[in-house]
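To begin, one chain is listed below as structure tokens, in the form predicted alone.
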């Protein structure tokens, strides 16, 4: 089965890369919406339109499974996707993370960092509080643009993390509620190590990849194709770094139509 994976930019390639490592035979179709990144500062109506158009594109090139490798798109765009393709398996970035908290009791308080839209949706905070967890949530909007710029080890990233994580305060578990964030997990760990804090870090990208890999049948040719809504040499460099080797990105602009969902 061909799995169509998409995100607001090239950060979702981290999820695709994890999926490839767990399921080498999987045939992957990746779409990065580099025109509209980051999704976290867009209105829900806009995001629904982007998700619809990407779903139609991936279905048109043969996707038999859709993987929404974006917490923001998962928070606001799933209903429309499932209504349009009720016969397709559709995986979102949120469900595997919440399932992890039901299967294991993690140290509290649980910190959740993500985009404005993800945090404002309350999708994690509300669910975790219903499970009995003490929760701290914080929108961290600068992280995705810095990651997409390739500034993972840049002083600007260190300053942003220092500001955000100190504002979040002490936590026992930190949920990286954005599929871009695994690329800065090392920097997050170093922040807590400098403070002598023991914090369990969970990645929605890793949990999503694990769930999809478990469910996909053990077949395929291990092929990969990559598209972006806006092509540039910079995106090629950053995407290749996320994927772990040089890749070819093909331009595939989205139609500029308003959301119908």
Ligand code: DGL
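Numbering follows the first chain given and starts at 1. In this text the structure is predicted, and so the values were computed from the model without any measurement.
Only in words, not in the display: the form predicted together with the named molecule, which the text now covers.
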property: Region of this chain that lies against the named molecule in the model of the complex, out of 153-161, 125-133, 112-120, 166-174 [heavy atom, 4.5 Å]; result: 112-120
property: Contact of residue 144 with the named molecule in the model of the complex (heavy atom, 4.5 Å); result: yes
property: Contact test in the model of the complex: residue 39 vs the named molecule, heavy atoms, 4.5 Å; result: yes
property: Contact test in the model of the complex: residue 178 vs the named molecule, heavy atoms, 4.5 Å; result: yes
property: Residues of stretch 71-94 in contact with the named molecule in the model of the complex (4.5 Å, non-hydrogen atom); result: 71, 72
